[in-house]
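Take a look at this one chain, the form predicted alone, written out in structure tokens.
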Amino acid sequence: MCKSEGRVRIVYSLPTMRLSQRVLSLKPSSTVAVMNKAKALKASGVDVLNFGAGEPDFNTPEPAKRAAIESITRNETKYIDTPGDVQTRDLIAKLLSERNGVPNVSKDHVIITAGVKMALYLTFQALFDEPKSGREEDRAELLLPVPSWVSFAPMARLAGARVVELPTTPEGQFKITPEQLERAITPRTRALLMNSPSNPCSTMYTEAELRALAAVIDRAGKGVAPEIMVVSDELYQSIVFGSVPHFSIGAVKEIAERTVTINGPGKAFAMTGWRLGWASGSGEFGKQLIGAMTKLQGQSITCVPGFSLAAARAALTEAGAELETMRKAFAARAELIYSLLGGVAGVKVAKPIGAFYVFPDISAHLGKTSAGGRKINAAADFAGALLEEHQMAVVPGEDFSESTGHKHIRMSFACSEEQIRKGVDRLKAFIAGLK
């Protein structure tokens, strides 16, 4: 307290405040950031072509919407069981068993979560710990084939894991080999993350390739890495274009109990905003893992909205025609964008065979300067200049891979064929102006 010009002035000082190192070290999602910036520009009247959002441009199928409305009308708006209602978990278990071939799975092996992100977050929290020693070299390891979706690594690190990148190349269709996996496994390896079809690459592993990787996991589990698991994100399993059928690595009986399969209706049924996902295990350990994740969910969100599960059941059982319409549209768009990008100077791209992304290599243009005077040293510079100068939003590749991402951008083709053609024209014009 002090006096000033005959008046008493009270000065308050706050105690020293700080945020946790956990959140301070966390980078925001680059895909969400690009999506939000593009939406803001569009709202301000800018003619932005958004290739950033990994979100179908279709509407949720009518059977799903109708089922949710009817559920609300029946007043199904109370708390439900933490892992989800029995009817929906039974359905998911049945689909996993009959469609995916995963053995020894029941409702007790399934938890329904607020989106696939939450399913992954809970899985990592259940599998990893901070090392008691506090030493970085003692952390349990997540083996992560890269490029990979931007949130895998941050979520694993939040759980205490050390993330070990397994680099892949466009020439190898962005896939790891059994030999590469075997070399990477150590006594500290806790999990391998698999994502097929892939975000951001839209490539897929064949059944033979997955069985070969599973054989490596099986050997490691009996030897150098007895606690090794596979976390298999299969969110895009229904968005495939025919050249490679989807196969669940959890169907390989030798490692079924070492595999957690993660999925949801968001991408396939245009239900991203419903925030639904699920995780499932197999056998006795699978039941223990889902039980642990249920405890975590009970201490966080409690449960998902019950009426949203009515929508999920209707999508899974009644919206097959809508699903096929969307799948065919994505297949046509995949052919179109791959063909058009093949004519863009200095751009290399792997053919998309599932999901709805391409991950072009733009490294031939690094070191150049844009027409607007921006130096292009990495993908972030490329994407920033492209948005500012040609109003086209793409996601820079850095967050998809620490080692090689700076050479790539991600483009989502969850948009119309007209937008794809316009977007590639703008990309060509931007590249033509580089010096």
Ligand code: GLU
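Don't overthink the numbering: it's just position in the shown sequence, from 1. Please read these numbers as outputs of a predicted model, since none were measured by experiment.
Although not depicted, the form predicted in complex with ligand GLU is the subject of the following passage.
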property: Full three-residue contact with ligand GLU in the model of the complex, heavy atom 4.5 Å, for T31, K117 and N199; result: yes
property: is_contact(F174, ligand GLU) in the model of the complex, heavy atom dist at most 4.5 Å; result: no
property: Any non-hydrogen atom of R410 within 4.5 angstroms of ligand GLU in the model of the complex; result: yes
property: 4.5 angstroms heavy atom contact with ligand GLU in the model of the complex for P61; result: no
property: Partner proximity in the model of the complex: Y357 to ligand GLU, non-hydrogen atom cutoff 4.5 Å; result: yes
property: In the model of the complex, the one of Y205, Y121, F269, W149 near ligand GLU [non-hydrogen atom within 4.5 angstroms]; result: W149
property: Contact residue in the model of the complex, chosen from Y236, F128, F330, W274 - any heavy atom within 4.5 Å of ligand GLU; result: Y236
property: Stretch in contact in the model of the complex with ligand GLU, which is absent here, among 51-59, 383-391, 36-44, 65-73 (heavy atoms within 4.5 Å); result: 51-59
